[in-house]
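Okay, so here's just one chain, in C-alpha cells, the form predicted alone.
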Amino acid sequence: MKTNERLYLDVHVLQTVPPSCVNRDDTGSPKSAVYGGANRARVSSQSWKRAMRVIFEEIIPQDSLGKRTKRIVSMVEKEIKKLGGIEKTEEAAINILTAAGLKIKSAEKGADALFFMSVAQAKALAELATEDPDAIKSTPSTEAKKKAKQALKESPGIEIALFGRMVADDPSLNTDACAQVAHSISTHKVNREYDYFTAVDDLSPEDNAGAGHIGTVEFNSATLYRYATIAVHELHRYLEEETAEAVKAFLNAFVCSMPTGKQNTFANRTLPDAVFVTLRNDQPINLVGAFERPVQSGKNNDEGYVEASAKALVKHANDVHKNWLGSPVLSLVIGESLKELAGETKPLKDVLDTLKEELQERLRTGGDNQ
C-alpha cells in the first residue's frame, strides 16, 4: 500500500435491546447521556470493546491476542519455561521486563497498572532472555535494555494494534490505536424504569407469606445507534498481510458481540436490526447526526423505533454524501431497511467475505481497486 494512501472502514449499526441493563454506572443505574436535548440510553465503548475481545478469543490466532493484566511476570515466565535453559525463571522474567522499561512491584503484584501485552511480545522477551544473558541481569547494559524495549514494541498483535496501548511509566512503549468505538446511544428519548422484585426462601415454613429478599433493579429498553471506525492504512503498518483478516474479525466481533451486564436477569442477547459498512479514502464519518432530533415511533406505534431510525439514518447518510464528501468507495448493507444505501443487501457471511477480498485487493494495489 502507498505510504500516503488513506483507507477507513466505518461501521454503523442499528440494534434494539429489550428491557435490560447492559452497562451500569457506580450506582447500578443504566448509563445515560443527553444528546439533542433528550435523555438517551448509553453503552460505553469500553463495555462493548470488552465484549468484542471475548469473541476475538475464538476467531483470532493466539499469538495475535493480547492480555491486559498486572500479572505480566507470570506471562513472560511461562514462555521462558517453555524454552528451557534458565533456572531462575521468575527472576529472569522480572529482570527482562524491568530492562524493557516497566516498573515491577514483585512477581505476585506485577506492574503498577494493567499492562496490555501480546502473546507474541511475551514470547519475544522470553527468547531474548534465553539468548542474551545480559538482558536478565539485575543491571543490564544499555544495549540489552534497548533490545528488551524493542521486543516489547514489536509484534503488537491484532488486539493491541486495534485498541492501542498507553504506558504512563514509559511513553515510548505506547501503541497508537487504529480503531475507535463510539459510545452507543439510543436513537430516541429513554426513560429509566424500575423492577421491584421479591425472592422466596425455599426452606421457609409453608405458612410464612413473607419474602426472603426484596430489591429493585433499574433498566431501560432502546434502539441503539452503534458506530466504529478503523484506519486501515495505519493498521496495515502494524499487521501487513494480516490486515484484511484483522478487519474482518473486528467487523464480525463488533456486529455479533453483546456486553454481559445483567444478561442473566434480562437475557437481552439480540443481534443488529441493520448494518451499514463503508470504505472511504478521505476520512471516517460518524452518522450519529441522524438522531440529533430524537426519533419518534410511528403513528399508532405501527413502526416502532427501528424503521423510523433506519429512515433517519438513510436520509442523513444520503445528505452527508451529497453535500459534503461524496459517496464511499464501497458500501455494504445487512438488512432490508438500509438497502437504499447500497442497492442490495447481503447476509453477514457474504459481507465479511466481500470486505476481506476488497481490502486484500486494495492493500495489494495501493488503494486503486479499479
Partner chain sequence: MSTLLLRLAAPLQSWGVDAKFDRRGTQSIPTKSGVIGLVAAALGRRRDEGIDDLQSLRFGVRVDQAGDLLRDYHTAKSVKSTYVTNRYYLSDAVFLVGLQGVETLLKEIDTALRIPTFPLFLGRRSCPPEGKISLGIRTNKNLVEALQEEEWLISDWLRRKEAKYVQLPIVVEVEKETGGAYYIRDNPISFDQNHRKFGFRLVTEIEAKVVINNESRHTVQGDTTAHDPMQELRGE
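Here the structure is a predicted model, which means the values were calculated and not measured. Numbering follows the first chain given and starts at 1.
Here the subject shifts to the form predicted in complex with its partner chain, a form of this protein not shown in this document.
- Checking 183, 147, 236, 123 against its partner chain in the predicted bound form, a heavy atom within 4.5 Å turns up for just one residue: 183.
- 176 is the sole member of 176, 241, 193, 154 with a non-hydrogen atom lying within 4.5 angstroms of its partner chain in the predicted bound form.
- Although the partner is absent here, residue 46 sits close enough that one of its heavy atoms falls within 4.5 Å of its partner chain in the predicted bound form.
- At the 4.5 Å threshold, heavy atoms of residue 288 reach its partner chain in the predicted bound form.
- Using a 4.5 angstroms threshold between heavy atoms, residue 70 counts as touching its partner chain in the predicted bound form.
- Taking the partner from elsewhere, residue 82 is found to have every heavy atom lying beyond 4.5 Å of its partner chain in the predicted bound form.
- Annotated contact segment (heavy atom within 4.5 Å of its partner chain in the predicted bound form): 166 to 174, selected among 96 to 104, 268 to 276, 166 to 174, 198 to 206.
- Residues 108, 112, 113, 114 of 79 to 115 are found to place at least one heavy atom within 4.5 Å of its partner chain in the predicted bound form.
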